[in-house]
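Starting off, we have a lone chain in the form predicted on its own, written out as structure tokens.
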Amino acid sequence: MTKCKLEYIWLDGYEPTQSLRSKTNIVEDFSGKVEDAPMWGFDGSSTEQAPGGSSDCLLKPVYVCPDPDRIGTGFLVMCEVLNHDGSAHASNGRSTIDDDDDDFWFGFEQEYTIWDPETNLPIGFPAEGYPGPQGPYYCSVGAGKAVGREIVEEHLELCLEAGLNVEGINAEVMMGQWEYQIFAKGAAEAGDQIWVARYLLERTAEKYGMCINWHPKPVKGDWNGSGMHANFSNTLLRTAGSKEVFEAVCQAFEPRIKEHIDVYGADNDQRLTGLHETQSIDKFSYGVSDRGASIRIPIFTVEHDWNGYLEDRRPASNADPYKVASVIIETVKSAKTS
């Protein structure tokens, strides 16, 4: 009998931004398949998910991958939170996704800032004052420009070893700010992989005595915020062959600004100001290759005879990808395209 370590990962009930939680379950001869991961439980009264007098919550495994820090016998198990009666907990954003046939594909661009807890500033920032202005840090190389690369590279290797579909990494516009991109055919799995990658990033930074700051505007002033741009498509968009179809889908988003902003991350008003490659939080716009729009129509889509995808640039770095995908799917399905 081989003892296997299953790290059960879930989202707590904290508001307005949920945090990751995890604990280890030791089982024998685990197959590595999600259907063989047993349901488990936890004390919801300690995570803002249940009262103390009735504190049992359930963990339903939905995604499993190898744990790269426990090679051979370790697995990461992403879970949905259920009430004790088996119904979806109010904090369970994944359960709201209407994409049973995986028709929707999502690519999330997850930005984040590596944070030094000793200075309470981004890694690389001086303890007093500021580094040089933005410009040299984006996709940079060299001391004083690309800061924190060892954490980023280690995180990338762990994600690849876990089997996550990371499609790239890069240094972002602000010093200490980085990004990874994950793509999946299926909205729920895209969210699963983003959350597992966030978990691995938190765990990697922990080893270096650093934190990960998911706030959409971690440094006030003339510094870029952090987003989680959502690239999305479905069969309609991938095979439209029509500018009019794309415009109809984009136009379906305009009357639903509030529904989207409500789940696009706390404090996003500090980021969506109309500056620093954003549209204002209370306005909506779309355009070809326009990074200042709410929704960008990629040049890829135009050059492929209006077959492709769209990018919603409004989600913040601290948004729940499950909830982001859910509301995007709902809006796209509501579009009048014929």
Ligand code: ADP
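Please read these numbers as outputs of a predicted model, since none were measured by experiment. We number the residues from 1 along the sequence you see.
Omitted from view is the form predicted in complex with the named molecule, to which the following refers.
Trainee: Using a 4.5 Å heavy atom cut-off, which of 289-297, 61-69, 28-36, 48-56 contacts the named molecule in the predicted bound form?
Mentor: Within 4.5 Å of the partner lies stretch 289-297.
Trainee: Though only this chain appears here, would Ser140 touch the named molecule in the predicted bound form if you measure heavy atom gaps against 4.5 Å?
Mentor: No - in the predicted bound form, heavy atoms of Ser140 and the named molecule never come within 4.5 Å of each other.
Trainee: Check Asp102 for me: does it contact the named molecule in the predicted bound form (non-hydrogen atoms, 4.5 angstroms)?
Mentor: It does not: once the named molecule is placed as it appears in the predicted bound form, Asp102 has no heavy atom within 4.5 Å of it.
Trainee: Quick one: does Arg256 come within 4.5 Å of the named molecule in the predicted bound form, counting heavy atoms only?
Mentor: No.
Trainee: Just to confirm, Glu311 within 4.5 Å of the named molecule in the predicted bound form by heavy atoms?
Mentor: Close contact exists here: in the predicted bound form, Glu311 approaches the named molecule to within 4.5 Å, heavy atoms only.
Trainee: Considering Tyr264, Trp214, Phe232, Phe75, which brings a non-hydrogen atom within 4.5 Å of the named molecule in the predicted bound form?
Mentor: After the contact test, the surviving option is Phe232.
Trainee: Please pick, from Pro136, Gly107, Gly124, Gly186, the one residue with any non-hydrogen atom lying within 4.5 angstroms of the named molecule in the predicted bound form.
Mentor: Contact with the named molecule in the predicted bound form is made by Gly107 alone.
Trainee: Quick one: name the residues from 149-175 with any non-hydrogen atom within 4.5 angstroms of the named molecule in the predicted bound form.
Mentor: Contacting residue: only Glu167.
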